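Structure 1 and structure 2 below are two forms of the same protein chain, each written out on its own as structure tokens.
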Structure 1
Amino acid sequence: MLKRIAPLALAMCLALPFAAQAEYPSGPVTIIVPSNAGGSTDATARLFILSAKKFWPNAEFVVKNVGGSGGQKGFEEIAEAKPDGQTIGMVFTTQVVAHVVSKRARYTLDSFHVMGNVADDPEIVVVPATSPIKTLDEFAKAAKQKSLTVAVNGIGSDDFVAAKKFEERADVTFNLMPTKGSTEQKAAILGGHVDGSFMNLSQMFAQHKAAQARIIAILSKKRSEILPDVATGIEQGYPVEMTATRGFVAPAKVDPAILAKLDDLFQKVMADPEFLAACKKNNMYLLPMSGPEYVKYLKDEQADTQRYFEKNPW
């Protein structure tokens, strides 16, 4: 019995790639997530799929995690994917533009058709709970008196660019400590090993609420619903803005008819109340942007990052 099934199973495995290409979407749609499983980008993709299945009941979606090198590997894989619409992917800032700026990437923003943005995670400035610093003014003043050690997530990350922007505004120089990610930053702040840290809201709001650390500013246009007591940088006289966005893209060369279908799917998911509720539950801050809006955002971001790169290349 098994002997007979075996060749059959084998034949099926072999035949899969040749499955007839009927009307799009046919066959599984792969979403490339340029980070490892378990992160917030990964979660966004998986929630997106849950909702997208409702609108395209016949399509199958799979996540492909291509982590590492600050997302570069994944971004390149999206850009170089076969342009048949069966592969789309996610991008996140500032990494997606930072790789272009530092001339490491084998893609440019033109390699992508941008579908739109889903969520963002605003940048914050946080100090240890025991620190006397309570505002950005005091932070800048302290930095002028002595060298403050400030943790950021790696060179070229959103944290790093935000810290550089703040340095420029406040005319100070930090003793910057690059880390391998938010876990190290959290431990350094909670343990009082550094004087401050630039990081993202979702990574620290729980500790702020539990009074284990203090967020002294949020670097977005308006205050966050989650922490209405934290003033923005603009309010405090330091108009520094930074946020980490997470959106969807497709390879640029895909047939325009298929791209229209994908854009339509994206808009439908973004209007799906169940998806929105799920995101909220996951502590994601929705920042819906249409394709053209997000393209403009990415281009501005790239120009901005370019400026800081030229001053202090990495």
Structure 2
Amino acid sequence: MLKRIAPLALAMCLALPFAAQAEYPSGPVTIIVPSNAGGSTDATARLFILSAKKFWPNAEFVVKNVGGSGGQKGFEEIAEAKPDGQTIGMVFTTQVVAHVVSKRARYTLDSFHVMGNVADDPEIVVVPATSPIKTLDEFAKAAKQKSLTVAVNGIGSDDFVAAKKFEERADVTFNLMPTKGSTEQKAAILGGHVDGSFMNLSQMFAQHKAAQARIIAILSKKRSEILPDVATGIEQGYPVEMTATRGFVAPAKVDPAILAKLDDLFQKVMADPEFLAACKKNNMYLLPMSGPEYVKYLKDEQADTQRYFEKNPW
């Protein structure tokens, strides 16, 4: 009898890890968004969930907003989360690599398993609707006449680096005001509390169209299809380019079988026509990248940010 029980017990023990693995996800999947609610990264996560529920109908997804320090607090919480697949998160550039470059971060790119990238959101320069400034030349001239207060999304952010690059090109110095996210930047612009802001197109497109704010430049290689009347920085004589990417990651040490399921979910969402339509409706500019493609992009971005940091440390 014992001879028969022993092999059965062994088989059951060996099967337990596979049974537990098959149950994934075994509870709510938390998506850490390293910014406050209401911003473009937050909106991306919530649209992702709407589509993800179609493919994982029995799963529960929860957004956890962790704002502050230009995304650093959220990135660290993702990297340090229990590696069981129940916590994933979003990263965005240039912040995720800028904190590594400045040696402030408690993570490196190797701390993450990169699922892939969703969006590409070009940088803009925006002023309050009541501002007399309509061009980058006027913006630079005003900055030489008096100290302009300019909002950015934290030290080391894409906004911050773009502002510093513009200062260098225009030979000006702004009174840079770091904020906790795009929601705070919007309020500052709409309330006329700052002279300008460097931020992302999706964050101020609607307000510009409603004449509640004025976008005076887009910092990309070419004009935006949805904003064809706004000239690029290059066209205006200030060759400053900057864009934000927004992708999904998991802690690096999660079981490979679970990571494979997460990667599969990501690819299904990115191919979902309803998700793509929702992104377009919300003025999100898709730049799909697989995990390996986004890893290469992030490493290149880190190298470029490192070169700039060595010349202009913050």
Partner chain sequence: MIFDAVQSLLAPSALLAVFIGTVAGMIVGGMPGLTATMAVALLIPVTYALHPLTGLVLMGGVYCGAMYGGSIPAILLHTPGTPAAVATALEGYPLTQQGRGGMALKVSVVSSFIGGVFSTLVLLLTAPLLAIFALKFGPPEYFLLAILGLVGIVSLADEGRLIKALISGILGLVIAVVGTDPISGSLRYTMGVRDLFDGVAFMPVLIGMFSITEMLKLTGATRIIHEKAEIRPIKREPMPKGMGKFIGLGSGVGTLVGILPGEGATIAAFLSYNIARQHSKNRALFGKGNPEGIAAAESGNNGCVGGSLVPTLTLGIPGNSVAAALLGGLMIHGLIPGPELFTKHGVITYGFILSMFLANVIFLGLGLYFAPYFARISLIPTALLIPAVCLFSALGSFAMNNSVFDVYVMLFFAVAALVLERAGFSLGALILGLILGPIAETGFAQGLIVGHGSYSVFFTRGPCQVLWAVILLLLVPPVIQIYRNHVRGAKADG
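Since the structure is predicted, the reported quantities are computational estimates derived from the model, not experimental observations. Between two forms, the rigid core is defined as the largest C-alpha subset superposing within 1.5 Å. Each residue is numbered by where it sits in the sequence of structure 1, with counting from 1.
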### Message
Can you tell me whether structure 1 or structure 2 is the form predicted on its own?
### Response
2
### Query
Of 87, 119, 97, 151, which marks the hinge as one rigid part swings against the other between structure 1 and structure 2?
119
## Note on the structure
In degrees, the rigid-body rotation of the smaller part relative to the larger between structure 1 and structure 2 is 28
### Task
State the core-superposed CA shift for residue 156 between structure 1 and structure 2, in Å to one decimal.
2.6
### Task
On a rigid core superposition, how far has the CA of residue 208 moved between structure 1 and structure 2, in Å, if you could check?
7.1
